[in-house]
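Quick setup: one chain, the form predicted on its own, written in structure tokens, and binding and motion questions come after.
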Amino acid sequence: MGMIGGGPGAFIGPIHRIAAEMDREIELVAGAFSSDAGRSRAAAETYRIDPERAYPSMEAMFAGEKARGDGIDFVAIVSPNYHHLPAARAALAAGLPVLSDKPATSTYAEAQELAGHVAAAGLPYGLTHTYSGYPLVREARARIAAGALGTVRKVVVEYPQGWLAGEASGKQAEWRTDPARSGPGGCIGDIGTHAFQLAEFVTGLQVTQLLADLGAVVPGRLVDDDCSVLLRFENGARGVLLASQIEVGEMNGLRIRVYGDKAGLIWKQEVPNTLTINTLDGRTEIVHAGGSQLGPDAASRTRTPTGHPEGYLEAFANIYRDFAAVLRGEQAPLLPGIDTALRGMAFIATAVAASRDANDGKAGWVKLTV
């Protein structure tokens, strides 16, 4: 693997390295970690790779690695949103598959352009919607698909954080609240897309309409930091998506509840090793990660016995495991790809536009079109 981004001070770069290497199928060997050559080499020392394979630009990395007999097989893009399209476009043109951080691009128009490049290159493209890698998220999806809940009626997905309740300070906060680097969506693009993808992934249903209220609560902020979105799914089910980064005291409280006409289920990211299922007759089933009652997909994505907690890093590693399978020519149907990328960016664009229209007195349900 070669990495684009992830230089000194980056949060997600080290996460990618750990996740990629957990199952010993992938190794980070090169990177354009920073446009500053010295910082790129400093990152290489942190990642414990050959400093000669730390490049000052992605173009230099593509050329340098192509000249080697042991050059990289794909790239992971871990830079800010505005850089995702040029990095993916350049990598695909260089003949390299891409695994990208989400959201896929800054705008929906860019995502459409990206889809064209992916199709033209005919190479694998994946998106790191990490939460879909949790074993019990996949178990929830499998049970809903098998009819355990009956007909899905209601979906509630929440992603509360509090780290941007005050003034943005530090590298991560600064670029995420800058529309030139994050795109037009702030909170809705950063964590709202995770909630949206989780809702569609778990239920197996697509959102067809939405009604959005996005706000920049902190004075002077140029992108939204608090989001409330009503959803309607293709089967007629109703949903609620709440995403906020100004809820003081909240850390990373992603949670989803799905209710059918036979049962309901609850999963919480901060308590990821249990899935609760409540049935219409009053019974409650607690499903544990690593337990014997898991289906084949969830079981195959669990590394330790019941009672030994697994979490974010292992879920992230499951995304990399799926991508490695695709690179070997195998099937990995649950890996988020370019279709997920397009839906996520369409969701951001639709929610931002719908909220703006609502503030202009033109409130109403808006069709989500990809």
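Quick note: we count residues from 1 along the sequence shown, nothing fancier. Please read all numbers here as calculations on a predicted model, not as lab measurements.
Just so it is clear, the following notes concern the form predicted in complex with a further copy of the same chain, a form of the same protein that is not shown.
Using a 4.5 Å cutoff between non-hydrogen atoms, Y125 does not count as a contact of a further copy of the same chain in the predicted complex.
Contact check for P296: every heavy atom lies farther than 4.5 Å from a further copy of the same chain in the predicted complex. None of the heavy atoms of L99 is located within 4.5 Å of a further copy of the same chain in the predicted complex. Although the partner is absent here, P305 sits close enough that one of its heavy atoms falls within 4.5 Å of a further copy of the same chain in the predicted complex. Note that among 241-249, 175-183, 81-89, 106-114, the stretch whose heavy atoms approach a further copy of the same chain to within 4.5 Å in the predicted complex is 241-249. Out of the listed residues F201, F233, F74, Y259, Y259 is the one that sits within 4.5 Å of a further copy of the same chain in the predicted complex by at least one heavy atom. Taking a 4.5 Å heavy atom cutoff to a further copy of the same chain in the predicted complex, the contacting residues in 31-60 are Y47, R48, I49.
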